[in-house]
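Here we start with a single chain on its own, the form predicted on its own, put down as structure tokens.
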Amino acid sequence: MAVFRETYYIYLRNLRVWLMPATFLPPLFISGVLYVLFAATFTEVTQLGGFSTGDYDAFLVAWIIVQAVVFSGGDSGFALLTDVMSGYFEKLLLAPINRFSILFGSLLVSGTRAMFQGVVIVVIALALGVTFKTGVLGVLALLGFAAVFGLAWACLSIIIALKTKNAQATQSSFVLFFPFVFLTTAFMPEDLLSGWFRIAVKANPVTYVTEAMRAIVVEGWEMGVILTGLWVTVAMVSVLMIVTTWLYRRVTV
């Protein structure tokens, strides 16, 4: 179908833009540095007990991927607004193509970016001696989780961009994502949390995604945990995709 071909070419164009060193290297560098620093700082925390592994480097892998995906999700909306301000987006709307191919091309780049970030974190984890309990298949599942999860945050970013039509507001929207990243079992298992923080962690959907990805790394094929995280991820993507396409239709028609 023509829409798939159009989406593919727009995806390639957006991918080339993202692959500029000044665009894709800083987020990867920051994620790598955070991983190494947090792993070195809290490496003895597992002695408290309650952890699913004695290797804190392995425990941290899932959260590092999650925070990388969430914080870079704002790039999707900012990239869309950049095209709008440059006039390129208007030219695409005037072209004889399906307008949704423009949106889908942008979202596919977001999924690719999330997966690539996951690859970098996995490589660093392997260099630190982390053993993935589920092997190569588990690594592929982990990267798949990252890609789909990346789509959810890309949708949220595009929603903010379409509603505000302001590049500064969209670029700074990652501040709104902080609670979703840190109100999770990022550094401690749930059993070691207490009070309002534990309640907030339980109510945060990102917690279940993090737990599912962590299970793949340190526990093996714990299907109960993994499937819960999978359903939460799919639900997030489905709802946000519906809202994004509805808002996009209103803006571009």
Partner chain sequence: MANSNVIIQVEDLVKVYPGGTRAVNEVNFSVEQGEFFGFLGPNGAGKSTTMKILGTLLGRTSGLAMVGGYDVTRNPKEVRRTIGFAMQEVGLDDLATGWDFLVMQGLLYGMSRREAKARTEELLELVALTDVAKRKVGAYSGGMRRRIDLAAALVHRPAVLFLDEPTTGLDPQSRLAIWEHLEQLNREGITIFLTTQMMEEADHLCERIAIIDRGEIVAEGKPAELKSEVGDDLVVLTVAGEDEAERHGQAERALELLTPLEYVDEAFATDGSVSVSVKDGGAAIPSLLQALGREDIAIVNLSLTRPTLDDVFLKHTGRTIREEEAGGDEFNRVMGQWMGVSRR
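Residue numbers count along the first chain shown, from 1. From a predicted model like this one, the values you see are computed outputs, not experimental measurements.
If you look for the form predicted in complex with its partner chain, you will not find it shown, but the lines that follow are about it.
Contact annotation: of the candidates Leu126, Leu93, Leu176, Leu137, the single residue with a non-hydrogen atom within 4.5 angstroms of its partner chain in the predicted bound form is Leu93.
With the partner removed from view, the residue among Ala141, Val181, Val84, Leu103 that has a non-hydrogen atom within 4.5 Å of its partner chain in the predicted bound form turns out to be Val84.
Contact check for Leu12, Val17 and Lys165: all three have a heavy atom within 4.5 Å of its partner chain in the predicted bound form. Just one listed stretch, out of 95-103, 149-157, 68-76, 108-116, contacts its partner chain in the predicted bound form at the 4.5 Å heavy atom level, and that stretch is 95-103. In the predicted bound form, Arg5 approaches its partner chain with a heavy atom inside 4.5 Å.
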